[in-house]
Each structure stands twice: as structure tokens, then as C-alpha cells.
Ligand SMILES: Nc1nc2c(c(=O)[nH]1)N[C@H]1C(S)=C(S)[C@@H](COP(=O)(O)OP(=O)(O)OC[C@H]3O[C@@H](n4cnc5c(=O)[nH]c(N)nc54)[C@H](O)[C@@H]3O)O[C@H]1N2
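A single chain, nothing else alongside it, follows as C-alpha cells in the form predicted on its own.
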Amino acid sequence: MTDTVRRVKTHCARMDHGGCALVAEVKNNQIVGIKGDPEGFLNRGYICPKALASPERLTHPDRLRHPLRRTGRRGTGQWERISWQEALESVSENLSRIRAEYGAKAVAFCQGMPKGLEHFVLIRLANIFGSPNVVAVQDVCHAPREVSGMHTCGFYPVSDFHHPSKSVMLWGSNITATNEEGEICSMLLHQLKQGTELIVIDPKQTDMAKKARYWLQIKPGTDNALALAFLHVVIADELYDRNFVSAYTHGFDELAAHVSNYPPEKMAEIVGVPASLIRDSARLYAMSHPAAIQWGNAIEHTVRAFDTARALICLMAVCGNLDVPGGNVQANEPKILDLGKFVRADLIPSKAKEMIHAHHGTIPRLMTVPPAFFKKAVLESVPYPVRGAYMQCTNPLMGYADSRETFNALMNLDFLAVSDIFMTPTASLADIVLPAATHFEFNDIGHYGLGHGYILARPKVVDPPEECRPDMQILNDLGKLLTPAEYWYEDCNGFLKSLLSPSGLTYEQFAEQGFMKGENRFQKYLTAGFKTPSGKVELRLSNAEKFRLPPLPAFAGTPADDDPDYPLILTTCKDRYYLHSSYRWVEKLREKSPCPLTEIHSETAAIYGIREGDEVIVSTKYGSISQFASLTETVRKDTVYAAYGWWFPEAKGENGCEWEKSNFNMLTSTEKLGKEFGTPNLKSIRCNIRRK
């Protein structure tokens, strides 16, 4: 022990996608201070409330600190402490038993959003084990943008804030409140000070909407209609990039004829935005070159996700903003290990045909199983039975659509193991619970595999509690029990060494450097074309008929039909103080967001006799929850924003945590799914509201 304070540079993680460079002050193996690093590659000293509170995760008195085995009925909270050897052997024996009886496909490996390398080590374990089924939430996060990009232009078009843009369009991206896969607000705010014009598409008046030249307060769930109206204006007014369109796009004439059916005057009533505002915004984007679209996770939360993503990529393309500095670019990876080699994709060559969702005809290149189809396999054995699951960094009972169905699926598993840092509602249903180390307690690498062209060093800051282990280490140890030991390392630092080996850097050298970014190379299509069947940007998909996909983006109505019993539109947004359902137990964060709030326009609240702070019942045809009214002028009058991710760690009793009471996913359903990604409607749901 020493009283000396040492300073460690690292990057934030597990409070969102991470990316902010931090300076941690450490004394006696405790973090005593956190600051933003002014030399930060992405954040330039910026730090958010979640990062400031992040050390509390490590020292919370209720943190999981020992492996646990269920002793009573599932979900009744009866546990016994066991050793790590017993825990790992129990997981191995049960998953091996299920593999022997039903086949490797009957075991699912589940993760929430990627937090670090653990996601890719999990995929590696599944591949070596022989299961094609890695279940993740990519159907509502990342995949609609990434995979639609792969089919349309051959890459995932990410906004380039590292170079100046004449205009930026924030489409469903509240970038000052939530971190969109490393797209941190610092660089954009700097650009705005330099004169970059801003367009914001959001049903809510966000902080950035107040800074925008144009704010389009769109009706939730109509993003594809608005994007098609933008395309109509750009093409009808001949504002498109003629040279790029002529040389590098496929199907422009078909797209032009198609979008002639979507004039702003026709779309205005559907999207809830004046036609003149649609025209002005479209013209500003088209006439600003370069221009970037920072498209947020919100556009992926309805059954129309594919049409929306496709329409926006078409908009980027016809305006000549693909793979140019300050536009939407194909990021180039640094010299690191290829993702396919890291996860040992070579060991399961038929994976794409064997995954659960292949049976349901989803889009090619979707490489994680949508939760709705995972649950169907558990409950109905369609297309085959799934009987066991290993889960890490995820809380499906709160995060998957239709929480009652999720509960039934988890209860019907023969075996469930969960690794986490706290006893979540999902962990409470497990047979084995493993205490994970959390960020700051092990060496990690951030942003690998996310398509932004850089990786971030997350060196260890303090030691974890004695029996808490990094997920990478847990998976490495399980791998040795479940599969041939030759595929695994002495310890989890082997993954870091392997990933960095092409660069020639040790992990210590990489940590000193802080980050590694691929070289800037733009307009690669000038010599190599686009990695699509036509070699061009596919405004009309060449393989549409082959894959049973719509060849052109379209608008086929709002995600949910009007219903007189449910006259309002229900949506939600992420809470700036939490990561999905995580950290309601962190005191500093709970103080800032103490209870679930439903935001209602003041005039709408008056119609329903609702006052500020009233307990309210929000209902859809799928269920009801209670939250508290927050009256505001920042949301649409026809729209209700219910809080998402709420459970109550402080609640006591057999069921504990009251996961049903205010849980947004008690209001959602999986009965209607987008064909391409298996995406349910998480937004644009019809609802009603009343005082309790």
C-alpha cells in the first residue's frame, strides 16, 4: 500500500460504446479521480456524467464477488456460493450435455452491445464449440446500417468528423447525450464553431436541435418517408452529383422514377413536417459539399429499418458524399488481426446457412441471431430446439422486445449461465452466475470490429476483487473445458497480443500510444470501384430478386396502424445517465435520474388531466406500465416518450427488482418483425395514457 497518487491514461468503456480518453487518479488500488484527457483522440477533454460516476461500479457493496449456483426454483433468489472450478465445470458439463443430446446448435451464446474484445472472444468460443448461434441486439443496433451499407455500396458508411464538412445532418442521433459507437460530440461541436451548418431530424428538441439551421420534428417511424422525400427534391431539382451518378451508381433512372412518387407535399402530412422545411433541408444537404449524415441508432428501431437505411445511403451517394473527406466514408482499419481470423470463422464454414435466422429468410451477412428468433427457437423449437444459453454483458429481460415472452424463454431453458457485475433481472433467472471484472480492472482494446477504422487502448487501472474475472478470461477458461485447448491462451492477454501482432506493437507500446487508426485513403472507388455485384453503388439492388429483398427503398405505411383506442404515438430514447438497463444502482447516476419519467407535451397532458409528477399508466395493446409524468414543450403533441430500461435494484421480495413495473418492453411485441433483420417495433407504437 502507498499513499502516492498515480495517474493512468485509459479510455472509457461499458458506460456506452466508449471512446473518451480518460486520466484516472489511483491511490491504494482505488480510483480517487477521473478526468477527461485533453489529448484525447475523439473527445479532446470532454467527459460525461456516466464517466465521472464510473468508478462507483467497482466498489458498490452489492457487486457480485463470488460465483453462485441456484439452489431453489429459478428466479426465487436462492443461491449458494461455489468455487470458480465448480462454476466453470458446471457450465461446461451442462453445455456439453446439451450439445451431446441436441447438437451444438442447441446452445446459444448471447451478448448485448459489444463492450470490448469480450464480444469477439464469445463469437470465437461459439465457432470453436460448433454453434452458429451468437444472439445479439444487432437487429436494432448497428446491423441495419452496416449490412444495408454492405449491400448498397460495399461498406458501412460512417460519418467523418475528422475532416471538415460544410453541413452535417444528425438523423435520429442525440450525439450530446449518447455516444453513437464512438461518434462523440466534441469534434462536431468544434466544426459548428467553424461554420458547419447543422440539420437535425428528431421528434424531440434535443440540445443539437437548438443549434441547427433546420430542425425537422419528424413523426416517429416515418424516417424512410422523409428520406424518400429528400431524394425526390435532390433529383427533381437536379442537385445530384451528375459525374458520380453517371460513373459510379447502378439503377439511378429506376430510383428517379420511383422517388417521383414521394414529393414533399405528399409526404409532409405523413412525416409531420412542412413541405417547405423538407425542401429547404434537402437542398442545403445537396448543395453543401462535403456533407455528412450522422445516422443514429433510432432509425433501426422499427420494422422499416432496411428501407430507411437504404434510402439514406442512396441520398449520400447521389449527392457525391460517399468516401470523401467530411462525408460518409469507408474507414480503413489499422494493421491489426482480421476479424474473421480472430473469431476463427474458418472452423464453421456453413455458419450462414445454419444460424437460426437463416430459416426466416433474413438478409445475407446478418451474422448475429435476432432475439425474436432466438426466443422462437427456445419456445417452439423453430427451426430447431435451443436448450441452453451462456450470456454476458446483456440483460435480455429488460432489453429484448416483449419482456413476458423473454421471461418465458429464459424459464424454459434447460440451462442458463450469466456473467455480470451485478444481480440483474436476467442474472436472477440463471442456474450459474459468474462475477465479472469490469472496465478499469483488466487490459482491453476498444472499438475493434465496429467499422470505424480505429482501436483504443484500455489499460488496466486497478486490480479487481479477488474472485472477479474479466469476461475474456472466463471465456478462455471455458474454451479449454469445452473445446480443444490448442485454440486458447494461457491467459486473456493472449488475445491482445494476437490482435496487435500485425502492427508489431506490444500491448504496453499500444497503451502508451493510446490508439491506432487506419490511414486516410478516400475515393477508393476511383481505382477499385465498389464491392457490390455491379461494382457500383446499387441504388437498385442487383441481387434483390435472388435474396427476396425490395430492389428500391420504399414507404409502405407507418410501422403501426392507427387505432382509436390508442390515439398517441409511443416512442422512447436513451437516458443520458444510463447505458440501456445498466447502472440504476450507481448512486451518483441515480441521483440525477431517480425515477422513470414519461415525457408528454404540456397541452396533451392537459387534455388527459395529467400534471407534472403524476404517476401515469402507459398502455399499448400488448401491456401497461406505470411511470411518472414529465411535462415538456420539446416533444410532439401526438407523441409520448416513455423511459426505457427501468428496473429497481433496491426493491426487495421474492421477485425483487420489480422488472415488470416500469419496463418499456412490457409495451412491445415480436408479433410483427422486419423481414430483413427480424427487427421489432420499439418505436412508433400506438398507445394511450392516463393518471393512475
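Small disclaimer: the values here were computed from a predicted structure and weren't measured. Quick note: we count residues from 1 along the sequence shown, nothing fancier.
There is another form of this protein, the form predicted together with the named molecule, and it is not shown here; the text below is about that form.
Checked against the named molecule in the predicted complex, the residues Ala317, Met267, Val107, Ala298 give one hit for a heavy atom within 4.5 Å, which is Ala298. Checked against the named molecule in the predicted complex, the candidates Gln330, Thr152, Ser173, Asn476 yield a single residue with a heavy atom inside 4.5 Å, and that residue is Ser173. Put simply, Asp16 is close to the named molecule in the predicted complex: some heavy atom of it is within 4.5 Å. Contact between Tyr285 and the named molecule in the predicted complex is not found at the 4.5 Å heavy atom cutoff.
When contacts are judged by a 4.5 Å heavy atom cut-off, Leu682 counts as touching the named molecule in the predicted complex. Not displayed here, the named molecule is kept clear of Phe374 by more than 4.5 Å at the level of heavy atoms in the predicted complex.
Here the chain stands alone, but in the predicted complex its contact with the named molecule, taken as any heavy atom within 4.5 Å, falls in 107 to 115 among 512 to 520, 358 to 366, 107 to 115, 76 to 84. Here the marked residues Gln627, Trp659 and Glu660 all miss the named molecule in the predicted complex; none has a heavy atom within 4.5 angstroms.
Residues Thr206, Ile218, Pro220, Gly221, Asp223 are the members of 205 to 236 with a non-hydrogen atom no more than 4.5 angstroms from the named molecule in the predicted complex.
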